[in-house]
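In structure tokens, the next block holds one chain alone, the form predicted alone.
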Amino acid sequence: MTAFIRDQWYVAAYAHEVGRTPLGRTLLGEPVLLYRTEDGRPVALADRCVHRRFPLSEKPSRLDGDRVVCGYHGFTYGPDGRCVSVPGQRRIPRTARLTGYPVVEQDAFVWVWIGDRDPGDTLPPRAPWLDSPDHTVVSGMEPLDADYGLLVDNLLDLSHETYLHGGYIGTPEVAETPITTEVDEKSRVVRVSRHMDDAACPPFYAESTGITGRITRHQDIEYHAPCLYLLHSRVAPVGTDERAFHVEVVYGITPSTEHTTYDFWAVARDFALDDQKVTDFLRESNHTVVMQDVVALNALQKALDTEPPGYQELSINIDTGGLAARRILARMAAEPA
């Protein structure tokens, strides 16, 4: 199991998911309630009533103005987590308070700080394309029944596109082209690049850009441990730089429990911004690709759960990015609180 990394920002939801209906998410094993106050501010509180632990995100719990009313016995909490009303008595127990979580709304995500330290001036890593007027975005979230470390491995080794995602984004050149890997230990960023000078154009790009021939294709990855993955993708017809198309692929990787993960995915493009046909195609195609990963990683988790103790994993050159990420995550988990 990949250890949880606390005292970090994690994607809890897309901004459009958080509104005036209570939303529950489990982040690093902690049940979290999300909603917006009447003036639009996102709030994150513990998603368990202090009385009998009823989930405040479950009906008939509801919002009353900016307050949350437990649907089991009526305990009522303000957005700061403080209980303001209990049934049948005026005295409110001193311990009747929900844990509150720091929240930042940034780049179409609602980020929640999970940990014991105060975040101070620390902000989440950026994905500015997701709410940029110069890009059109498709996005979604799929739950994984797998350790979040398996998703990190998957995304840092894109050679699997050739085999798992053939017919969508994979071509032979992805697996055949060597990678370069750079590790910024101080910033906890792993960069993996694969530049293909002459490659087949997969349907994902052929259908969306209109390119009919072979392409130059660049894949430049930035993994910001533990939670944000960026893939800067560039394609252009071979022999020209004037018609380059750029796609920014973003993943918010949020551990939910030890063996479940929230896989937030988004694709931002800088071309055909108002073409609904392209938007629909990319949404459907990328969702298919994500679900192929989900099925594969769920199966992999089940297989790993049956491995005997002491099994020795085999790694090769294409795994350098994933292995670097594992080392960074292990070191972060071992840091004192």
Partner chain sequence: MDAPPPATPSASEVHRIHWLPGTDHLLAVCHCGAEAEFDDPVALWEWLLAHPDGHRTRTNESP
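Quick caveat: nothing in here was measured; it's all calculated off a predicted structure. Residue numbers count along the first chain shown, from 1.
Just so you know, the form predicted together with its partner chain exists too; it's not on screen, but the next bit is about it.
- Taking the partner from the other structure, its partner chain in the predicted complex has a heavy atom within 4.5 Å of a heavy atom of residue 315.
- Using a 4.5 Å cutoff between non-hydrogen atoms, residue 324 counts as a contact of its partner chain in the predicted complex.
- For the chain shown alone, residue 2 is not a contact residue for its partner chain in the predicted complex, no non-hydrogen atom being within 4.5 angstroms.
- For residue 186, a non-hydrogen atom is located within 4.5 Å of its partner chain in the predicted complex, even though that partner is not displayed.
- Contact with its partner chain in the predicted complex, defined as a heavy atom within 4.5 Å, holds for exactly one of 103, 179, 211, 199, namely 179.
- For the options 262, 245, 265, 113, the residue carrying a heavy atom within 4.5 angstroms of its partner chain in the predicted complex is 113.
- Per the 4.5 Å heavy atom criterion, its partner chain in the predicted complex is contacted by stretch 186-194, the sole one of 186-194, 88-96, 136-144, 253-261.
- Although the partner is absent from the chain shown here, none of 207, 279 and 283 has a heavy atom within 4.5 Å of its partner chain in the predicted complex.
- Residues 113, 117, 122, 123 of 104-132 are found to place at least one heavy atom within 4.5 Å of its partner chain in the predicted complex.
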